[in-house]
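Okay, so here's just one chain, in structure tokens, the form predicted on its own.
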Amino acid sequence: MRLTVKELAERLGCPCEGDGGTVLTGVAALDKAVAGRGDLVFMAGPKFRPLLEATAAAAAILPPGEAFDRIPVLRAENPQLAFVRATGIFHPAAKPAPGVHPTASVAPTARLGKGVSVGAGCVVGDGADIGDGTVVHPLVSIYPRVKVGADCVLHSHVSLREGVTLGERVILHNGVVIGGDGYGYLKGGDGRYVKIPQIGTVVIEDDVEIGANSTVDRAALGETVIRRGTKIDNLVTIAHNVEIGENVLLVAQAGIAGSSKVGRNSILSGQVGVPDHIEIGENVVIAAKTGVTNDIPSGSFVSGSPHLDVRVWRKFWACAPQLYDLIKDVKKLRARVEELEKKD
């Protein structure tokens, strides 16, 4: 794609300065732009100013007030966000042509909306409903009675189990499993475990994205729910009857056990572990590798295992390297006290 600076500025809704006729052909990092290639770059903050001075880019996105006139400039309050939008313009996601591949198996009772693409080796079960413009890449399994909204993208090896519901613009990356049985067993009188039937479902709302090989288990009863706008990384496990609020971020290898709740706008960093029946409030930040042990109120920032307020946790670990020397000092003091007591 080739766009002039002026054309791109109009599409981004940004004012531009300098030669608006300069042709842009793509995007690059400040220090990776190639002279004459038509690269667009951005500067996120003042510490990157030396890279901006040296860049070979054709144009740059800068914040208001950042003086620079060597190349054309687009102005944006959030240069990185504008750059991300520009990247999407120059590199739109590839979308296969609508239609059903000859090797796909689509049940006669399934409904495919307008412009749906079903790739090679896919299976679409009885009563499934796939919304307009959705892309089903090769080797996806869609069980009976699944409902998929419009403009979703299901990458290879995604499995949607029976009766689950996806909203619109949901993106599921390779190997995601939605609606597998929750992990529920009771020990019988003979000592063997009896499986608890998992007869609920999963509801995923609009604009959710789930990374590769993550799993969302169906509810034992009722629904496991992922609210709109939530973004889930690779290798995340969400157990039965969990409820994730709007615009939550769940980072790689986080695990949330059954019937727990996470409030909107919260962030669970990598390898966070949440036990069952825990309630995490809104706007909570949980640092990486934290082991949550009880409910966390809204607005908290916690870390450690068992979890602590991050301010307490930082004080603890500031002291931790000194503990060995402190123990030695205590032993010396004890010996000295015993020596003085003997003299008395």
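Source: prediction; values computed, not measured. Throughout, we count residues from 1 along the sequence that is shown. C-alpha atoms forming the largest set that superposes within 1.5 Å between two forms make up the rigid core.
A second form of this protein, the form predicted together with another copy of the chain, is not displayed here; the remarks below concern that form.
The contact residue chosen from P98, G255, G127, G113 relative to another copy of the chain in the predicted bound form is G255, the criterion being a non-hydrogen atom within 4.5 angstroms. Although the partner is absent here, M1 lies well away from another copy of the chain in the predicted bound form, with no heavy atom inside 4.5 Å. Proximity of S141 to another copy of the chain in the predicted bound form: non-hydrogen atoms within 4.5 Å are present. Not displayed here, another copy of the chain is kept clear of V310 by more than 4.5 Å at the level of heavy atoms in the predicted bound form. Residue contact check for V285: none of its heavy atoms lie within 4.5 Å of another copy of the chain in the predicted bound form.
Residues are counted as partner-facing when one of their heavy atoms sits within 4.5 Å of another copy of the chain in the predicted bound form; in 202-223 these are E209, A212, N213, S214, T215, D217, L221, in sequence order. Relative to the superposed rigid core, the position of the CA of A335 differs between the shown form and the other one by 2 Å or more.
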